[in-house]
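In structure tokens, the next block holds one chain alone, the form predicted alone.
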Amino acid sequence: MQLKALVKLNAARRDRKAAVVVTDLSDDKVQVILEGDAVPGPLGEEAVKAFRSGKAGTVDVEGQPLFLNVHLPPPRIVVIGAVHISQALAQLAPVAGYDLTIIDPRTAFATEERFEGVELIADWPEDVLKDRPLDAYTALAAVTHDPKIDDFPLSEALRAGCFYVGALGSRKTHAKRIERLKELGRTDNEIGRIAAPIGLDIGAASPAEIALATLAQIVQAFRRRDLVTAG
């Protein structure tokens, strides 16, 4: 790979940004397209398909054979709240290919006995997210029902452009949450991205069913996320 392309790709990996390495099979020339780059015409359209599928492959663009190799940051789920829903979600997420971290300052809930083998951080989200910031390849699910714990990470998830932001609670609860998030500086458009009540509407009742509905909604959001590569 050409040095300039390699440097750009390594920078994307470091910053958890998606990239497609495009190799012209007729002359071995290489270019790197980052997710969000404006690329006009058929190549931009093919790049969008590659970013969405995550799969490498050969395409024909205006008579040129090109190989598109996709490099996506590992998608991850950050759950705010060590509750029963989190326990079920921690078992389901790896099956779908998602890393999962649970954050909850309540040490009575955030115990290794309840979350064996799960990355569990018993601290306030404000402190954790300073060193482990959210990004566009992170899904955030807030499930504590406690504004003192949920509100800050929800606001941060919207600010960081997380591909999914969901919050547990009724519509009445969410209406109060909206006002608090506005006080934290979030706009109506940003707040409108929150999935609340959390999860796809499958009539979920038990914690395991709510976890399943939430994971399904996260997968849906990831596969349908906005891409602006095509110019």
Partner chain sequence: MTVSGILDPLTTAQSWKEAGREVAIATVIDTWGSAPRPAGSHLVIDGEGNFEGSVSGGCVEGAVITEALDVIASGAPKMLEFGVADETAWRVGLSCGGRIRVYVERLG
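Quick caveat: nothing in here was measured; it's all calculated off a predicted structure. Residue numbers count along the first chain shown, from 1.
Omitted from view is the form predicted in complex with its partner chain, to which the following refers.
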Arg159, Leu212 and Gln220 each touching its partner chain in the predicted bound form (heavy atom, 4.5 Å): no
Option from 37-45, 194-202, 161-169, 65-73 whose residues, in the predicted bound form, bring a heavy atom within 4.5 Å of its partner chain: 65-73
Asn189 within 4.5 Å of its partner chain in the predicted bound form, heavy atoms: no
4.5 Å heavy atom contact, Thr58 and its partner chain in the predicted bound form: yes
is_contact(Leu184, its partner chain) in the predicted bound form, heavy atom dist at most 4.5 Å: no
Residue contact check: Ile178 to its partner chain in the predicted bound form, 4.5 Å heavy atom: no
